[in-house]
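We begin with a single chain expressed as C-alpha cells, specifically the form predicted alone.
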Amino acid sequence: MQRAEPQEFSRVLSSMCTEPHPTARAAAERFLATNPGDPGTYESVAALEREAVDLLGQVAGLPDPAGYVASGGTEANVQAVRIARNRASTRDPNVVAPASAHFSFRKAADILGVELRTAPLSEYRANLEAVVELVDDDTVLVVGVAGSTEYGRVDPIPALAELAADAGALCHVDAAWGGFVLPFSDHEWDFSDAPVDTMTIDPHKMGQAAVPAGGLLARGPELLDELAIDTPYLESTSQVTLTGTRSGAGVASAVAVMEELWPDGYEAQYRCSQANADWLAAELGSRGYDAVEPVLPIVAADLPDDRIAALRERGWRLSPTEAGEARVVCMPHVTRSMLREFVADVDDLADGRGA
C-alpha cells in the first residue's frame, strides 16, 4: 500500500484549522497515550484539562469557569443544546438560532429531539426582531454566533442574552472560531459582556492547538451537572462529556499553546491575519469583484463559479459560501506571500490563460 503523507497547508485557504504551533505539537506528542475521559487513571492529563478550562476562561472573560476540552465545535454545540433541554420542564423544547449558526445545531436538534427555529439575518447578523418572533414559552436555548463560519460576523450577544433571560431560556455563544481573535476587537461577545450561560471556543482553530481540541465553557458547574451520568467501573463516579475516551494530546497541546501565546502572541497573530484579510478584500475589490467587508479575518468575494473551479484545479483549497462566493479564511498559515500568489492566479485566469 502506498504510504500517504499529510497535506501541506501552502494552498489551503478555506480551512478553520491550521498548522499546530510548535509548542502545541511537542506537547501533543508527549500525551498521545493519555485519556482525560478516565481521570482516575490519567491524573496528570486530568489536571491539565482543568488548567485548559481556566485558560479558556481567561480568553472568554469568565473568572471561575466550568467546562472541558471537547473534540471540537460540533460536540460543544450539541452539549450546549443538551444542557438546555435537560434542565427545562417543557415537553416540546425548541432552540432559536440565527441562519448563520453552524450546521452542528441541525445535528443537535436531530439527535436530541428538539425543534430548531432559524431566524433570518440582517447584514449577516441575527435579526433581533425575527428572534423575538420565534421565542416562546417552550424555548430552552437562544444561540448567538461570535465569528460566523462564512463571513466572520458577530451577533448582538448582549441583546440575545437578555432575550433568553426574559424567556427563562439559556444563552449559548458559538465562538468556536472567533474566540481567539475577538478579545482584541471592540465586539461584545463574551461572559464579561453579557449573561451568557455556555460557550463553544476551540483551541484547535485560531488557538493553534493540535486537533482535536475543542472547548465547552459553562458559567457554573451546575449547568454541567445536567450532563452527568454514572460511571460505575471508573474511579471517577460520573462523567459529563459526550465521548468517553478523549485525546490527552489535544488537552496538552491546548494548555501549552495558550500558555505560550496568551495574550500577546494571539493579539499579534490577529493583527497580522486581519491585515491580510483587509489586503485581500481590497485587491479583489480593485479588480471588480464584490468582497464582503472582513470584520474578522474572513474574506468572501463573488468570484465566478468557473473561476473558483479553475483555482481549485491549480491546487488552491478554496470553498464557497452558501451564496457561492469564494471564501478565504486568513488563518495563521495564510501568509501575505501566499495571498499574492493566489491573486496572481486570479489575474492569470481572468486574462484567459486557462486552468
Ligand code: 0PR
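Keep in mind that this is a model prediction, so the values were computed, not measured. Position 1 is the first residue in the sequence shown; the rest follow in order.
The form predicted together with the named molecule is left out here; the points below concern that form.
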Whether C17, F103 and A176 jointly form a contact site for the named molecule in the model of the complex is the question; each needs a heavy atom within 4.5 Å. yes
Picking from 161-169, 127-135, 196-204, 264-272, which part of the chain touches the named molecule in the model of the complex when contact means heavy atoms within 4.5 Å? 196-204
Is T149 one of the residues lying within 4.5 Å of the named molecule in the model of the complex, judged by heavy atom distances? yes
Contact flag, G73 vs the named molecule in the model of the complex, heavy atom cut 4.5 Å: yes
When the contact criterion is heavy atoms within 4.5 Å, does N77 count as touching the named molecule in the model of the complex? yes
